[in-house]
Structure formats: C-alpha cells, structure tokens
Ligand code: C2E
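First, one chain by itself in structure tokens, the form predicted alone.
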Amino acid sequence: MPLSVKRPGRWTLRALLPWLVGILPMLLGLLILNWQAHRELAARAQSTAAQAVEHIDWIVSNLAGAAHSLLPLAGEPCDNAQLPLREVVTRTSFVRSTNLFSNDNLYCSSLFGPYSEPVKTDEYVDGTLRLMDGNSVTPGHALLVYLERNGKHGALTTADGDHLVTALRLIGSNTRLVLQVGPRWMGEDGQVHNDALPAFAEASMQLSSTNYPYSINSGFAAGSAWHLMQSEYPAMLGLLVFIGVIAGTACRWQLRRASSSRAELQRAIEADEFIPYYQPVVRDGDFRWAGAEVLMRWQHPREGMVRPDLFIPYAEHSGQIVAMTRRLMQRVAADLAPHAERFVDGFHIGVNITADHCQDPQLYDDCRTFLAQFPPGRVILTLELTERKLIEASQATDLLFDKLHQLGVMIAIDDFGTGQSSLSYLRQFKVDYLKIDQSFVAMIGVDALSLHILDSIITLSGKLGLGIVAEGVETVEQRDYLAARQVNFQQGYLFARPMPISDFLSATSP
C-alpha cells in the first residue's frame, strides 16, 4: 500500500502508546490481585478471630463452670470452704485461683485462705467478666476474672494471662489479635491497656463472643497485602509482566504496521483522491441499464490506481471508511446530478456501507443531501451492507434504517451467501434486495451443488418478497439461466466493467 514519508516530531503519543498499553494490563492485574489479597486477608482475619473466640470461650467456660460450682459455698466460713476452693483449682483447666466474696468483700481465697480485699463489682463487664492488670500477688501480670453472684454473695475465678497470650500468639501466628473486655484490651505482648485500641492498617475487623462479654479484634500491618502477593502469587505477578510485555510489543508492532497507512489515508481524503467508478446494473427482460453500483477507487499521485482490496480493509479498521464514503457520495452527486435527465425514473445508485456507517446517525443526513440534488423520483439510492465487519442490531440501528426507508432509501445485502451473518441480517434488519455473490453465478453450468444453493437463494428471496441482483455475470449462459429464473437485475463484465464518470456518461448519452 502506498505510504507517505513520516514527518519527525508528530508521533510523541504513538511512541508512548505501547508503553501505556503494556503498563495498563499490569496495573489492572495488580489492582485485581491486590483486591484478591485484601479479600484473602479479610477471610484470614475472620477465620483467626473465630478460632481465638472459640479458644477463649473454652477458657472462660472453665472459669464460669468453676464459679458456678463454688457459688453455694459463698457466705460459708472460709475454714469450711478453703479446701473445696483448692480442689476446684486442681481439677479445672485454666483456673489459677478461686475466691469467695460477701457484701463486695473478698473474704476467702484458694491461695491465702481467709483474706480481705474489696471487690469492685461495677468494673465487671455485664457483671461477669473483667480483664485485670495483675493483683497484689502478681502486679502487672494480666488476669481474666469471672464473677458469679447470688444476692450479696458470690464466687470469683481467675485465669492467668499467659493462657490468653498463648492463644493470641499461636492462633494468630500471621495475624495480629487483640482481646478486648470492656474498655480494657490486651495484645500479644500480654500487657493490659486502658487506652484506645490499636488500628490495624489492613483487614481490620472485630468479632464478639456470643457467650461472654468480650471481643477479638484482628487485622494486619501495613503492606501485608503486598507481602501476600509476593509470597503466594509470584506466578501471577510474572504472568502480568509477561502479558504487559506482549501487549506493549503487539501495540508497537501494530502501530508501526498501521500508522503510516492511516496517515496516508487521511492525506488522500483531504486531497480528494478517492474517486467513484460506476458498474452498470441491467434489468430483467430487455437488459437495459437500470442503475449502477458505485465502486471506490484510489487515484494515488505516485502509485496510480490502487486496488480497493488494498485500502478498503485499512479504512474500515481505522474508522476512516465513513468519511471516505461521505466524500464519495458527494462526488457521485456532483458527477450525476447535472445529467439527471439522461436517467429513467427510479434509476438505482448503489453505495456500499459497513458496520461503522450503521452506527453513524449522520448517514441519514448524507443520504438526504444526496437525494435532494436530483429531481424527485429520478434516482433510488441503495445502500449495500457488506460483511467485512459484523453489523450488530441495536435500537439506534433500527431507528436509522427506519428513517432511511422513510426517505426512500433501499437496503441490500451484498455478496449474499458468502458471509457468516447474511441470514441473521435477514432476520434482524428490514432489507429490500439480495445481491447474489459472483462465486455462485460463476458455477452456472459447472457445479451442481452451487446451482442448488443459487436456486435456493432465488427461491428464498421470492418467498420473502425481496428483489434480487446477481453479480459477476460474464457469459450468455449465466445471463439466460438467471433470466429464466426471473432474477430482477444482473451485473457483470458481460454488460459492462466498472468505468469512470466520463465513460459512464458517454454510454448513457441519448
């Protein structure tokens, strides 16, 4: 394909685009992996907190069971209760000490026997549980105390903070855990605090026990998601880098392959180098000219006439085909309108359109402008749907086709029978003509199977009430075969080749 010389300094964005295309999938992939890592951390925080609650519930249930069993002794003399207190400590897991109190005064302990110390019952959460920063025996050493009372008497059982610390450390080996009882909390260092809870940077959550008045706070330090991605998703990270490199390389290759083509096409549009050629279409019966298909040709200033199969696909791929067709229709109107008296009324002018045109509302204005330059009814504009790009039915497409039909524009399916979507177009769109592809016409007298297909297409068009045009007619045998089956219009080298405007007008002169 002809290419123009690149001008330096114009392609800064194009130079950056491969980098952007390469980085974009990596960034998107990292965002997805980061989201997945945060979800994984949240699930782990939830699971770890649930395990911690289950274990600490077990500890507290032992305290509660011991306190409940000792409650009947509350109010009894300490000499009578001291031995049972020590027996409970001996046979009950996690229980460090047992105590009895009366009138908010602790009067008997498994450690000291008779004893006197005030009991601050108002500091027990829900009147049952308290996290203490030690006592007179072990100051600064965490204790979990359970209280159960009956009137003015009650029992106290305590668990050593080491049991709690062990649970927090072992269960939360990779997760930070904090035990909170009322306003007090304890971390994995075993220290009891009475200030604000520490904030976890990632996957922070709180899970409360359904049995006792405490909660477990869990979470992860900053950067945990990234460390998780590095340790558990290395293959995915490598794949993202690979995809980014491939995407960037493919983009760079595509730009180098297509950028000059796009620039050259744009230059040609601006220079008005795309010109119409006209191939006559003859009617059934007398085989007189009933219209013409407009074919786009590129008159390149250096390369001469460029074949349409070399530039049309590029134009469709780059989205420039719409502008090229619009300019082509303007040239056709300028060529033919001054000579409109030479044509019979209803002279068909066929123009190829693609999927891009069907998404462009301006197509209606282009057609209206085209028809306005001819006397009413003198020409019929036919838009031929090609299948190089799939035309998807939508509300906008349906509305556009309805407006075109109201304007008197006909719709035809080009090369019917060869594309993958021809039959779906019949179902999705209201069309007026089918154009039989020349590959079926060429098989007349040669291939019986193709003739069956050809006859089926002709029969189908009749049942659907559609007009039919046969392309690529080159022999009298083909012409007569189609005429015998009452094909409305024929087109091909037998009648005329595509020709420039001067030859076309000469052939139509009176």
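Each residue number is its position in the shown sequence, starting from 1. These numbers were taken from a predicted model, which means no experiment stands behind them.
Omitted from view is the form predicted together with the named molecule, to which the following refers.
Quiz item: When you measure heavy atoms, are Ile321, Glu471 and Pro498 every one within 4.5 angstroms of the named molecule in the predicted complex?
Solution: Every residue of the candidate spot has a heavy atom within 4.5 Å of the named molecule in the predicted complex.
Practice problem: Quick one: from Gln438, Gln330, Ser209, Gln180, grab the residue that has a heavy atom within 4.5 Å of the named molecule in the predicted complex. | Solution: That would be Gln438.
Quiz item: So which of Leu295, Cys78, Leu400, Ile269 reaches within 4.5 angstroms of the named molecule in the predicted complex, heavy atom to heavy atom?
Solution: Contact with the named molecule in the predicted complex is made by Leu295 alone.
Quiz prompt | Residue contact check: Asn352 to the named molecule in the predicted complex, 4.5 Å heavy atom | solution = Contact with the named molecule, yes.
Quiz prompt | Exercise: Ile312 in contact with the named molecule in the predicted complex, heavy atom 4.5 Å | solution = Ile312: contacts the named molecule in the predicted complex.
Quiz prompt | Partner contact for Asp415 in the predicted complex: the named molecule, 4.5 angstroms, heavy atom | solution = Yes, Asp415 is a contact residue.
Quiz item: Heavy atoms within 4.5 Å of the named molecule in the predicted complex: does Asp356 have any?
Solution: Heavy-atom contact with the named molecule at 4.5 Å: absent for Asp356.
Quiz item: in the predicted complex, which of the stretches 193-201, 240-248, 122-130, 321-329 has residues with heavy atoms within 4.5 Å of the named molecule?
Solution: Residues of 321-329 come within 4.5 Å of the partner.
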